[in-house]
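Next up: just one chain, as structure tokens, the form predicted alone.
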Amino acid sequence: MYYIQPHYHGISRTTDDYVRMAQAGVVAVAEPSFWAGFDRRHPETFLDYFRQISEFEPTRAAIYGIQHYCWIAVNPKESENLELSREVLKAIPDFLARPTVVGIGEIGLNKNTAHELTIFRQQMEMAIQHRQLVLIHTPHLGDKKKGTQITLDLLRELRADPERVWIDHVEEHTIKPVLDAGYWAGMTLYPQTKMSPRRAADMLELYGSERLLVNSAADWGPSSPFTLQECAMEYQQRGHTPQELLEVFHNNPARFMGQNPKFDIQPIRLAS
């Protein structure tokens, strides 16, 4: 079984995780820009971070046969500081041409504030202007439904191409409007909070596998890269075939990110 981990924060993980992921069948990861665990105060710290995930992390993953890609953006948790965010945004186009950068993300909302929406809008406009794939963060817990609706309203206003937009962190009460509007929907798995592997398997069975992405995130908090494999095992135990597993855990991320020619991993079709 082969896996693509489409939302993985390698900067917060040890090399041991790359070793174990390679042993577990992971062939590629994509690392979205995210919060550092504290609020950065200078534009240069963002630029060094972008260099780290676009230059250094690919070399660390490649040692173990894993292709590493990344997304560049100001994360919603750090977009409250408008002056800082706008300085960082000026530098983002320079990174988009780098060979491992597949798009702009993760952008979106954290607490549904006016400042977050301002920077979200500016980054969406940049993505549309530069014809980039987009990864969107939706709020957690009680703000999720409202934030998802604000997101859908903004995308509709900007006439974003749904095929090129991935709305992440969907749950049972937000997945349907995302899929109904034609966007890709992502389920981010955690061992303790948010979306569990079993709940994700339930949603895959309820909504089918088309335009659904499953990922482990694996960030600074209690998390694991291997919730992805736990979900695949749960899905398999429910009677789904090896090809059905490949469609969800390898081919779907290959199809979505493959819209950027820099992501050159092709979908797999098992011999019948």
Partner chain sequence: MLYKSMVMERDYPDCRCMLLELSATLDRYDRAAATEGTAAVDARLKLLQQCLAVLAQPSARPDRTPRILELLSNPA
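Positions refer to the first chain, counted from 1. These figures come from a predicted structure and were not determined experimentally.
Keep in mind that the form predicted in complex with its partner chain is missing from the display, and what follows is about it.
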property: Contact check for Gln52, Glu125 and Arg156 against its partner chain in the predicted complex, heavy atom at 4.5 Å; result: no
property: Proximity to its partner chain in the predicted complex (heavy atom, within 4.5 Å), stretch among 43 to 51, 234 to 242, 66 to 74, 27 to 35; result: 234 to 242
property: Any non-hydrogen atom of Pro99 within 4.5 angstroms of its partner chain in the predicted complex; result: no
property: In the predicted complex, Glu80 touching its partner chain (heavy atom, 4.5 Å); result: no
property: Its partner chain contact at Arg199 in the predicted complex, heavy atom, 4.5 Å; result: yes
property: 4.5 Å heavy atom contact, Glu210 to its partner chain in the predicted complex; result: no
property: The unique member of Lys176, His115, Lys145, His130 whose heavy atoms fall within 4.5 Å of its partner chain in the predicted complex; result: Lys145
property: Within 46 to 75, the residues that have a heavy atom no more than 4.5 Å from its partner chain in the predicted complex; result: none
